[in-house]
Structure formats: structure tokens, C-alpha cells
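First, one chain by itself in C-alpha cells, the form predicted on its own.
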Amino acid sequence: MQIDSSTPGVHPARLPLNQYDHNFCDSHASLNLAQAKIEADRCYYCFDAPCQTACPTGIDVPGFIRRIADDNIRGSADLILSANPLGGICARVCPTEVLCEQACVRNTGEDKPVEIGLLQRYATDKFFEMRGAPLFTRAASTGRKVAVVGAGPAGLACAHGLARLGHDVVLMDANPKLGGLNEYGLATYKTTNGFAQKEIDWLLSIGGIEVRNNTRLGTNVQLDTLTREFDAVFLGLGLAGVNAIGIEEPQAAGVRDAVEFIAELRQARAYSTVPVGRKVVVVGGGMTAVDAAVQSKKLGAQSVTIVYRRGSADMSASGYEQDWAQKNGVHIRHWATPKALLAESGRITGVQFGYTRVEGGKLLETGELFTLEADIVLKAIGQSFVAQPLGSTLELRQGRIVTDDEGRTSNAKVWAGGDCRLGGRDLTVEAVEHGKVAAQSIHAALSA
């Protein structure tokens, strides 16, 4: 039987092999030199620039753009990476349309901001291509040792900041590779050609950071042990829990967590080996839902539908992300909530949904039902922090770690940042800022 998009069931290799490279290539081409200079010349180089204020890491946006205009790529990268040591990956994944570019004063007169994200990517990509001498060097050794648990954006930023300040860092992560979300949780077309690991290699090149992969807090190492053996501990733990969709889930093949599906794709030796259904239903409304849905389509699914219980404006996926999904053939249905997963002979066959509406500020079901056929259902309802590995040593609220603005927890030797920390918007760039600020706070505490 020839396998193609119309073949029922779940199969790998639905497409001609040469189609996969095309489908999973870089979703946005980099600017070339001429394009970058033209775009840089659109910047007004505002004093007290609103774009810089809107960036969680406070990158000197007018400054790095001016250096691009002057063809000073190293200087531009210096400004970016000084404020955000993961400025390359953030240039790819930041929701710039609601951060720096939304604040751009060009919006007022032209309804088109300077393309700050693309310019940031241009500067960092060019720098990594021709790195040369190190941008940053380590300070003299302080003799102090800090454990950083979790090698996602927050942990990496904290480790780099501490190493620059002369501290010895042991960076631990449960996964075989460093990077957290950047390595395991993003759509493959957002970060191609191993860019996430290239940036991490640069970040580690500052020295003073010992890496321990496959080291899980609560299993291979305990928090109380770390606080005894190290001068300080930073927790940059991600969200390991996946929220349930809130209805009975039958023991049937074809029901998967969207984050697991995305991670499988990111680590696949070949995209053609990843099986996908003919009809895919994604339940959820965030970036994970969009990444899973678009990649299902790119793997050769005939129909892919995202179903969200409220309207478009309520989806946590930005308008840009929703538009991206629709341009890639994904159908988005709003105002519907799952009622039942349908299965036959041990395999999922569809999902029954109930229509919803808002009445008096509350989300209600109308009583009307409809069914979507599916041979894969991807759950993208959101993730949660799993606090069990911490024991009872830290104050938690709403299931996350309570900290002050510098990331200090209720334990004087422990700091925390990123998704595990209470508050925030669960943005990569915000996690980087948490790690950066915590490194300064730890340094101040160890220097007192």
C-alpha cells in the first residue's frame, strides 16, 4: 500500500523524502546585508527608546541597530549578548509583535515597525559565523561554587552570568542535551541546523561551567544535598507536568501530549521516521498547539484542526502564530470544548466537542455537539510545574516557587527563575532575564 496524506491511520513517511527538507527548512529566511542595512536605516534611534523598555532583557535596541548600519556586526552582537546571552535563539522565538516591535514608534506613522527581531537575528547569526576572539572573559576566580539545576534559558543565562563573574558553576539537567525548551520544545522550522546547540556551545566557551547531563533533581541529586555542598543553588526548572484535557481518556492508541510529539520531532534522525495521522485534532490554544499542528501538517497529515474553547482573542498563541497556522493549512475552530474521546479496537477515531459561549463572564456549554474524526489527538492544554522533587524546603504558591524580584527564594541559599517561578509570562526572553538577574544577586550575596 502506498502511504500518502489520504491513507487512513498513523504512518511515517507520508511524503516523498525530498519533501521533508523543504517542509522543515527555516521558516523565515535571514536578512542579507543589503536588506539589513535598509531595515536598520528605518530606525529613528530614539532616545529612551520604547522598544528597549519593552524588551524583558533591556537590550539596547537602537544601539545594536546603529552598529548594523555602520557594518559593525561584532559590536552589534556585543550589545545584544551582553544583555541577553541567548539573543540568537530569542531573535527566532520572541513574540516581537507584542514586545519590542509593538512599541516601535514607526507604528504610529506607517503601521509597520522596524523589524527588530530579524535585525537581532542578522547580527547574532553573522557573529556566530565569524566569532573570532571571545566577546566576554571570565573574571578572576572567586573560589565559590554554584549549582545550577535546569539547563533551559533561565539556567543557561544564570550559569553564563556566574561564570563571567568568576564563580565555578556545575550545570545539571535531566535531559541528554542542554537547552530545555530551546532544544526540545520548539518547532523544528524555528531553529534549524542545530542553532540552539551552537549558541549553547558559544555560551559554555566562557569556561568555568561543568556540565552534568542526565541528572534529575529528586532522583539523581537532592536539593538539601546541593545546599550543603555548594555556596548557592539556582533552580531553572521547566514545566514537566502536562495538564489533562478534563475528560475520560480511554486506553487507546493515538492520544498524545503535544510536547512529547514536538520533542520526538526535534530529536528524530529523520523527519520521515515520525508517524502522523491522516486526520489530526489538536486541543488547546497556545504556541505548543500551533507548533504541533503545523508540524503535523508538514509531516503529511491530510487535515489538522486546532480546537479551542474560547475565541481567537483569548488564545495564548499570538495573532501572528494563529495566522502562521492557517497559512500552513491548519483549520482553527473556536468556541468548543472536548466532551469525549471516541475509540474503536484500541485506536482513537475522533473527538466529540460541545459548543461553548460566554454568558455573564462565564464560559458555558450550549448543549450542541459535533464530532471531528481523528486518528491522532494531541493534547496542548498547558503544562504545570512539578514541585515534588523540591520536598518541603521552599515556599510555593499556586504551584510555583515564590521569589523576590532578584529570584531569592524562602531558602537563603536558593534562587529560582524561569517557568518554575511564580508570576511572569512564561516567555523564553523573560526566563533569560530571570537567570541574568539571579546571577547578579547570587554574586552580590557571595561577595558580601
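Please read all numbers here as calculations on a predicted model, not as lab measurements. Don't overthink the numbering: it's just position in the shown sequence, from 1.
The form predicted in complex with a small molecule exists for this protein as well; it is not shown, and the discussion that follows is about that form.
Heavy atoms of residue 297 never reach within 4.5 Å of the small molecule in the predicted complex, leaving it off the interface. At the 4.5 Å threshold, heavy atoms of residue 88 stay clear of the small molecule in the predicted complex, well away from it. Using a 4.5 Å cutoff between non-hydrogen atoms, residue 438 does not count as a contact of the small molecule in the predicted complex.
Residue 277 falls outside the set of residues with a heavy atom inside 4.5 Å of the small molecule in the predicted complex.
Considering the small molecule in the predicted complex, the lone stretch of 223-231, 284-292, 356-364, 336-344 in range is 284-292 [heavy atom distance within 4.5 Å]. For the options 77, 317, 169, 239, the one in contact with the small molecule in the predicted complex, meaning a heavy atom within 4.5 Å, is 239.
Interface residue among 147, 376, 93, 163, judged by heavy atoms within 4.5 Å of the small molecule in the predicted complex: 93.
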